[in-house]
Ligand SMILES: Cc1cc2nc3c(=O)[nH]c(=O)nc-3n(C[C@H](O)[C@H](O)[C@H](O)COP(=O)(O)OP(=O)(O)OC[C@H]3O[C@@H](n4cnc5c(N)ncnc54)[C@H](O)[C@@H]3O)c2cc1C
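In the form predicted on its own, a lone chain appears below as structure tokens.
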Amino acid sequence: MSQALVIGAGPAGLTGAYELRKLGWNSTILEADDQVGGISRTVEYRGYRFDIGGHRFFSKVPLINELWHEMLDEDFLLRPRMSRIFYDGKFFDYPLKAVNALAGLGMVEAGIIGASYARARLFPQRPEDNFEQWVTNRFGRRLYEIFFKTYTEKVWGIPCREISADWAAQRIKNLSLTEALRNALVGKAGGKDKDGHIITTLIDEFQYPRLGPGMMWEKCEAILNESGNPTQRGILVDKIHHRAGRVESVSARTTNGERAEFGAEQFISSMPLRELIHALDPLPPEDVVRAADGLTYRDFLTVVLIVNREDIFPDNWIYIHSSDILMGRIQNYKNWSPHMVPDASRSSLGLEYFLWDSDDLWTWPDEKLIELGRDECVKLGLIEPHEVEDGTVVRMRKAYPVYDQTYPGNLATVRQYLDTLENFQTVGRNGQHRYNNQDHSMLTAVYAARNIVGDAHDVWAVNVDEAYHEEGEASSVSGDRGVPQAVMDASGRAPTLDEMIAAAFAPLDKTALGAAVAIVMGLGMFVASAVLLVRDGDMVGPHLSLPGHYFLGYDVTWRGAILGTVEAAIGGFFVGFLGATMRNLLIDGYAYYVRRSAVTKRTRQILDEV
């Protein structure tokens, strides 16, 4: 039977071996750690289980749903989703809910948000090459500052202007102010496929293994072991021997310092690209090594608190957007699965800190970190100090590949070199330096396994699932030559003329602009009426006599002010909606002219060449 070697026993590596087993290949999986699952592992402490971050199981890829249930069907739970944002001392529902958001932000702030959005849509920033510009162009600067900036900079440790627009385009995608407003006002039902599996993004329920995500990968490892596909833990690959465009073997060291060598016909790797390039023997050219060194990773630390309280808060997790709190997110593991805690009268919280492993906080002793976590939870008003009975700390290096401004070029250089190794494929989050979800990482491995038996899948085209695809205006990475990186899509394909025109002449969102103008006009009408009514001077009547000609039933009273506000908002919506419609019609006409001119010019060039 043919033999493959898989480096890494996370979701990608184990899935690759699992798929190869179905295709008639044997595999040996090498894992540097003493536990499988990678960042999707489940750690246990005194019977309490917790994730390295929360891992919801939902996918719009039917194949991945089938694999999950094939491995662990009877141990899946269907769990309700609830999450909130903590900002400015208040909790906001996420996804957005209109009454909750307005109560927290206030009408004045809502008006500022509406005006900011209208300005962004009418005067977008160009070029759009960083996260700040990408989000501001779609949501307005004020909403960006409230709900994106602080948390994003906590996660990545760099200013938003230094984060590539690729990350926003990959992770935020179809989310728009229109969708947010629609969800806020009328809600959005979660869809399911024919087997009842959750398939939407803003979902109300998700699937989750009874004992955490690590349960899935421990089960996968056991299935592979039973079929003659062993996972060897504590084996760190540090040399990858190649010659004439083929990898021949890998060398590794064990936890006790011994060395071992493994040969195979085909190789799949999920190890971080930076370490991979340095492990190649012989080393790649200097420019490739330099590019790999430019790929950076954000590290992750979880402080787990065991709290003597049955119920702390109802959320699965809370995002912390407050700049005076160091933690970025807090998980309530009991709300993911009641089986994650051994004692129903107690709860366990996971406080997540996004760091560089060079930060002082990374090297703090566990006791000091537990004290910090306890104090921050008290500051948030979630617990009392005496309720914390115990705690532990888990550190995870290279949890998040960083999308800084240099990563597209660096990744393109590394990928171009790796493409020269015909029997070697890289998969997964770190293996492709992409912030993939678990299902995306698994799909890259499935494709890699099928390529080994003769298929021709582009594993680098697996970036985001179908519902997240944007119109292609953000820059992407490809190893292909002859096409500028900035005009290539996620699969490395040059866009068509129609796609480039669609990106250049993107239409205004009519509903969202109408809503923004409605908020501004309605709020303006109310504030103007209120100010003059409070003054209650002789000039109130003359100042407000004109609106009475336009707003039915309006007079100079508080009742009239409310009625005028409603009518002004309705009128503002139609003004914004019709304005956007007319603008889109004009742009469509101009885009048609550009398209016809380009086609005519190209036709002449073709005729000239005949």
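Numbers follow the displayed sequence, beginning with 1. Quick caveat, the model's predicted, so the values are computed rather than measured.
If you look for the form predicted in complex with the ligand, you will not find it shown, but the lines that follow are about it.
With the partner omitted from this view, the residue of 569, 43, 32, 61 that lies near the ligand in the model of the complex is 32 [heavy atom within 4.5 Å].
Distance criterion of 4.5 Å from any heavy atom to the ligand in the model of the complex singles out 237 from the list 452, 237, 369, 101. Although the partner is absent here, residue 37 sits close enough that one of its heavy atoms falls within 4.5 Å of the ligand in the model of the complex. The ligand is not shown here, but in the model of the complex it comes within 4.5 Å of a heavy atom of residue 9. A residue is said to contact a partner when one of its heavy atoms sits within 4.5 Å of a partner heavy atom; residue 52 meets this definition for the ligand in the model of the complex. In the model of the complex, the ligand lies within 4.5 Å of some heavy atom of residue 400.
This chain is displayed without the ligand, yet in the model of the complex the stretch 437-445 from 132-140, 75-83, 259-267, 437-445 comes within 4.5 Å of it by heavy atoms.
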